[in-house]
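What follows is a single chain, given as C-alpha cells, in the form predicted alone.
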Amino acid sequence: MSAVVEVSHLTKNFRSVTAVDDVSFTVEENMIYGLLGRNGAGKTTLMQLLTGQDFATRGDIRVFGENPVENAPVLQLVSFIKESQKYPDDFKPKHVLKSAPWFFPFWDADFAERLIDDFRLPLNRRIKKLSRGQLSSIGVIVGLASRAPLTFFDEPYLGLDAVARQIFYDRLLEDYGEHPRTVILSTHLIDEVSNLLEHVLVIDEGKIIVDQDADTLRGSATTVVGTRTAVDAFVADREVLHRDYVGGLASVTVGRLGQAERLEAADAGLELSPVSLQQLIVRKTNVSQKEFEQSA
C-alpha cells in the first residue's frame, strides 16, 4: 500500500499552548482509521492541519505527496466533515447537496438520494430550522456521497440518534467495500465504531501515544480479577495499565498474556476478561471511563 498522508515532526502552537507536539505518523490508502482521544487532546487541530485549514508551527505534512495548504488539486481529493459544520442560514439542505458536486469530483448523486431517504432529511426546510440530528445528517450524507479518496469525519454524527448512527456505520462499511478509500474517524464513541476500525491513532496532550493495527490492539490487554493477594502476585512483574481495589478484591488491567500465562492465572483461581478498545484507550490516557466520556 502507498501512503496517503505522511506527517513528520509536526508541531502546532497557539501562543503558550502546544496543541500538536512533535507528531510523526503515516496513513495508508484504502483503510479506515480511528483518531481517538479526549476532548482537547489535539484531534481537531491535527485534522485542520492535514486538510490545509491551518499552518504548522514546525514539521512537514504531505497529503498525496504534496503540502495541502492552498493546494486545490490535493484538496479536491479531501473531504472534511465536522460536528460544528456551518452553513448560510438561508440555505436549505437541497442547496448544500446541489453545490456539493462542485467541490467533489467523485460525487455520487444516486448514493446521496439513497442517504437522504435513509436519514429522512427534509430538503426544503431552512438550515436554521433543522434539528441537531438533521444538521448532522447533512454532513454525513456529504461525507459519504463525496467518495473523496481521503475523508475525515470529526464527530459529525454526534447529533444522530442510535438508529441513525447505526445507519451511518452500515452505509459507510457497505460503500467502503464497493468503493475503497481512506477514512479517518474522530470519535469518543469508540465501542460503537470499534468493528469498523482497521488502524488506531490515539492522541493525548498533543502527542501520538498509540499508532497500531486495530486487531493487534484489541488483544493487547486483559483484566485480571480475584483476591488482592493473588492478583498482586500474578501481576508483580507485568505491565500494569490500571488497578482497582474493593476490599480484599482486585481488578487489574495488564498487557498481553500468552497461553502459558493464562493457564497460570487459572491455576491461581483468577478470572480473565478481555478489554474492549474503548476501555483500553481509557487506560492508555489515564482517566476513568466516566471522565473520558465527560471530556469527550
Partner chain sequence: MDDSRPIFVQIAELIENDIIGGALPEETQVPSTNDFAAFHRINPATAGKGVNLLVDEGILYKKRGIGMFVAEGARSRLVAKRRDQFQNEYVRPLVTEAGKLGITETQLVEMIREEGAE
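Numbering follows the first chain given and starts at 1. Just so it is clear, the model here is predicted, and its values are computed rather than measured.
One more form of this protein, predicted together with its partner chain, exists but is not displayed; see below.
Partner proximity in the predicted complex, defined as non-hydrogen atoms within 4.5 angstroms of its partner chain, places exactly one of 81-89, 124-132, 147-155, 209-217 at the interface: 209-217. Of the heavy atoms in L196, some are within 4.5 Å of its partner chain in the predicted complex. For the chain shown alone, E113 is not a contact residue for its partner chain in the predicted complex, no non-hydrogen atom being within 4.5 angstroms. Its partner chain in the predicted complex is not approached by D117, whose heavy atoms all lie more than 4.5 angstroms from it. Contact annotation: S276 falls within 4.5 Å of its partner chain in the predicted complex, judged by heavy atom distances. For the residues L241, V69, I61, I32, the 4.5 Å heavy atom test against its partner chain in the predicted complex is passed only by I32. In the predicted complex, Q166, D170, L173, Y176, G177, E178, N195, L196, L197, E198 are the residues of 165-198 with at least one heavy atom within 4.5 Å of its partner chain, listed from first to last.
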